[in-house]
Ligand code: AMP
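Presented below, as structure tokens, is a lone chain in the form predicted alone.
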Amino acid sequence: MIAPDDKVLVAVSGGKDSLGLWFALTELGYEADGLYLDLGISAGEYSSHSKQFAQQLAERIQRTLHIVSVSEEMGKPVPELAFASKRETCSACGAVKRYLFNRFALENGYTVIATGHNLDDEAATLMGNVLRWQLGYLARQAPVLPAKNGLAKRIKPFIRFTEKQVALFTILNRIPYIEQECPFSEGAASLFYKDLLNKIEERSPGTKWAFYSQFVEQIQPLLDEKFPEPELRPCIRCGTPTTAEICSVCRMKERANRLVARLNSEVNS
């Protein structure tokens, strides 16, 4: 996943998975820095609390933690962007995070973006994609996505470990993390799929790993051949690789700006 000359950027959220990954990589000798995106989620002071945990670990392991404000970069925090663009908050959040992580990595010389996705995350995502036969998404669900066409390499080093194992790892290494779930994750399909998979795992231990690993080893390569990566071109607004003329994040920003302009016009009139 990581070559000796790679410069690693860890996507840090303040949760157990990303902080555990950052700690593990530094313990293994990798000079990995972190990037925390302040999403602007004020409910329960979620963003401010999660940022504090990221800062604590950065001080402990003596590594750089970059902090980027979504409000400053995008003009609005994630909840407002989602509302204005009429997207589910989790969907808008994911698009913004991928966009900003990739842009920051490329602009600052990082060659690899590492995320803390664990086995439970990947198996739940796989289940959701299989139930809907989202073949395009399935073709790109791999633990390593190589760099290409303006996209930095992305890796998921924790895909062999369950959520409980990662939690135990952080506790044993005395890594404080935010235990509060994102306020917008309530009712998310991924949590429902995780619960189902946990019940199956209870009856048949090893099912989660078999489900995910066999897909990656046997099915995903076939999908790669049948559903090659769509042709990418630079977004005419920001230059980010996209399949459309304007990338989804720029479209989101434009919808939000139009809504603000309309509301201001109505107030003034």
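Note that the coordinates shown come from a computational prediction; the quantities given were computed from them, not determined experimentally. Numbering starts at 1 and runs along the sequence shown.
The next section is about a form of this same protein that is not shown, the form predicted in complex with this ligand.
Contact annotation for the candidate site: Lys76, Phe83 and Ser85 all lie away from this ligand in the model of the complex (no heavy atom within 4.5 Å). The shortest heavy atom separation between Tyr36 and this ligand in the model of the complex is within 4.5 Å. Interface membership of Lys97, defined by any non-hydrogen atom within 4.5 Å of this ligand in the model of the complex, is confirmed. Mapping the unseen interface onto this chain, Tyr110 falls outside it, with no heavy atom inside 4.5 Å of this ligand in the model of the complex.
Heavy atoms of Thr115 reach within 4.5 Å of this ligand in the model of the complex, making it an interface residue. The listed set Tyr177, Phe161, Phe184, Phe101 contains one residue whose heavy atoms approach this ligand in the model of the complex to within 4.5 Å, identified as Phe101. This chain lacks the partner; the member of Ala11, Ala24, Ala256, Cys250 within 4.5 angstroms of this ligand in the model of the complex by a non-hydrogen atom is Ala11. Only one segment in the set 200 to 208, 222 to 230, 236 to 244, 28 to 36 has any non-hydrogen atom within 4.5 angstroms of this ligand in the model of the complex, and it is 28 to 36.
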